[in-house]
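Here we start with a single chain on its own, the form predicted alone, put down as structure tokens.
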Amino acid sequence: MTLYSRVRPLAFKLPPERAHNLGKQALRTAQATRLSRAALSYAYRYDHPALEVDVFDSTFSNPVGVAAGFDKNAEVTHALAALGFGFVEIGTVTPYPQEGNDRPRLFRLREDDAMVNRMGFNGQGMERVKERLQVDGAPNVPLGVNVGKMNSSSEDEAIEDYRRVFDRLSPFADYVVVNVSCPNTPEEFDETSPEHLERIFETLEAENHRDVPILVKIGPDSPEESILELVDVVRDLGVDGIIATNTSTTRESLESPDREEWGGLSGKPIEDRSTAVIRTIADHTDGDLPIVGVGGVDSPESAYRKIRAGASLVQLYTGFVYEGPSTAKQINRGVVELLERDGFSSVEEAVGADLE
């Protein structure tokens, strides 16, 4: 029995958002000094040459990252890196501070190994995030910045929102993600229309003097035909990669009492759908468009399935909440064993293996 397995029942007695904030406070304390970060790394990092991935003009020491939403305001990037994650994605970051939706807005579905959130892009805003990155420095792993719009913004204002956040934070980023698929924000216009996406990416590329890779995050709920149409649009626009997928609005075969709470569903119930979307995109693009796989990753097997389906990297949030600080170490160690079992010398060699 791990320490986290003993602590988790106590943490799960607290409201989810309160427990999340306390967890971040603990991580903030743990990353306060080089010595404390070194102690975390000694306990939780697992390094192996087979795990290394070169993508988005960066080298990732392993393919397991933290998804956007966990560290919205770049408060614990160093601690997450010390816990063995190969990369960290902050955000979604908006131009100005935003309260998000009313509480409660985060729910555990314990019987389903899942969560529902309707946070609504709450955060401290780009200037506070920029200040923190300047003071704390970027982590020693690749850093992604997930950018979004204010909930009150019109279609024209949204373009300027993305531009402002990109301008402030892209100097710190190894890649930037445009989040146009969140189910928890107002739907005042079609954020995934070809015209709107074209305006976004033309605007960002005009600001992209460092050639930072730009990715787009898509949702899992659209029909396959619609997903492929969206992929074709963003590929024609020169997008560098796709994050698949965001949370889901479906509620099929769930058992938890809070299953009917509105918001985005994450965790184990969306694993198969997310992996299917990854496989569809990878097959459609012949593996030429890098994919970051998200949705239900909580074990070596779930991560490996996404890699074999076509994901070069994977991310998790809900799995981290349920499995604790050793999650990255356990997944990475297990992925190496699975690679060796199947005769692959590296993660890169296994990407898309199920498409062949």
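Predicted model only: the values in this text are computed from it and were never measured. In case it trips you up, residue 1 is the first one in the sequence shown, and so on.
Keep in mind the form predicted in complex with a small molecule is missing from the figure; the text below concerns it.
Enquirer: Looking at 49 to 57, 36 to 44, 324 to 332, 295 to 303, which stretch has residues with any non-hydrogen atom within 4.5 Å of the small molecule in the model of the complex?
Expert: Looking at the other structure, the answer is 295 to 303.
Enquirer: Please tell me whether any heavy atom belonging to H78 falls inside 4.5 Å of a heavy atom of the small molecule, as the geometry stands in the model of the complex.
Expert: Residue-level check for H78: no, no contact with the small molecule.
Enquirer: Is G84 one of the residues lying within 4.5 Å of the small molecule in the model of the complex, judged by heavy atom distances?
Expert: G84: no, not in contact with the small molecule in the model of the complex.
Enquirer: Is the gap between K72 and the small molecule in the model of the complex 4.5 Å or less for some heavy atom pair?
Expert: Judged by the heavy-atom cut-off of 4.5 Å, K72 is in contact with the small molecule in the model of the complex.
Enquirer: Check V231 for me: does it contact the small molecule in the model of the complex (non-hydrogen atoms, 4.5 angstroms)?
Expert: Result no; V231 lies far from the small molecule in the model of the complex.
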